[in-house]
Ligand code: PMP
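In structure tokens, one chain follows: the form predicted alone.
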């Protein structure tokens, strides 16, 4: 029997989110495409995860991730009531759209940026409207306000460019919009400052963080949202039950209790980011100044397109990111910052291709 497709028509028409390529385990390859941390978490985190696996897997986790929220409150000088935890920061983004966006309402972000926003908006039945970055990559406040969006996403540092907009502009946007402003700080630990102080000034601001990047816990999937107690309470209503498992809760708490142990790795990544940017510049690339754990580079005029660089580097054992669906990024590649040895190997491969 040929039954009609039972999926919603808007779901049938949309494309799903495309994650970074995962390597074929049959041959060695260095992943520089998904912005993972090249350094492992400290011993205390691993011990906490092992202990949780040994002692309590038969039990459900704490439903609201209270241990994580309390640890995060101590770490960031907030109240637990201001914090919501998710299965990665993507889960927090899903909660935001479930809570604040109805079918047909507009969501916007300066683009190019994290492409999951558009996917999640369409799943919710909303309308995602791109607002282009101006040439100077400043925050396009007037253009964002013109959309009359219910939710405005700002990534700082932005992905995939790595640049930062002024915190004063974020504050101005919060004052002038009647919607919710989401400041996505997934990469902020690699940057010079952050926006947490803005929470005291604006009751329509939500700041999201991930523990997948600077805190080296991508495999556990833990994200955090910081906002007012009132908005956090509304988001709890749409949160999946038991959305963070016991192992992830144990690891996240240990990481938040040991933030100082991550500083040497973060410093090493910042150092290699500067080095990679300078070395690529010498080789004919144009590199956007980055405050994240990656750089976006315009490829040199040597006959290879961005996609050809992706394929050629893969053959040499390095996965990078190429955003083929975005016309503004056709001549660009994004490279995650790895260890010194990984960056040495990557630069050698670039030399061979040049």
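This is a predicted model, so every value here is computed, not measured. Residue numbers count along the first chain shown, from 1.
Keep in mind the form predicted together with the ligand is missing from the figure; the text below concerns it.
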Quiz item: Can you check whether residue 179 is within 4.5 Å of the ligand in the predicted bound form, heavy atom basis?
Solution: no
Quiz item: Hey, in the predicted bound form, does residue 202 get a heavy atom within 4.5 angstroms of the ligand?
Solution: no
Practice problem: Could you confirm whether residue 90 comes within 4.5 Å of the ligand in the predicted bound form, counting heavy atoms only? | Solution: yes
Self-check item: Contact label in the predicted bound form: residue 210 to the ligand, heavy atom within 4.5 Å
Solution: yes
Practice problem: Heavy atom within 4.5 Å of the ligand in the predicted bound form: which of 269, 256, 155, 85 fits that? Just give me the one. | Solution: 155
Quiz item: Here the chain is shown alone; which of 72, 250, 107, 186 has a heavy atom within 4.5 Å of the ligand in the predicted bound form?
Solution: 186
Exercise. Sort through 138-146, 210-218, 275-283, 225-233 and report the only stretch with a non-hydrogen atom within 4.5 Å of the ligand in the predicted bound form.
Key: 210-218
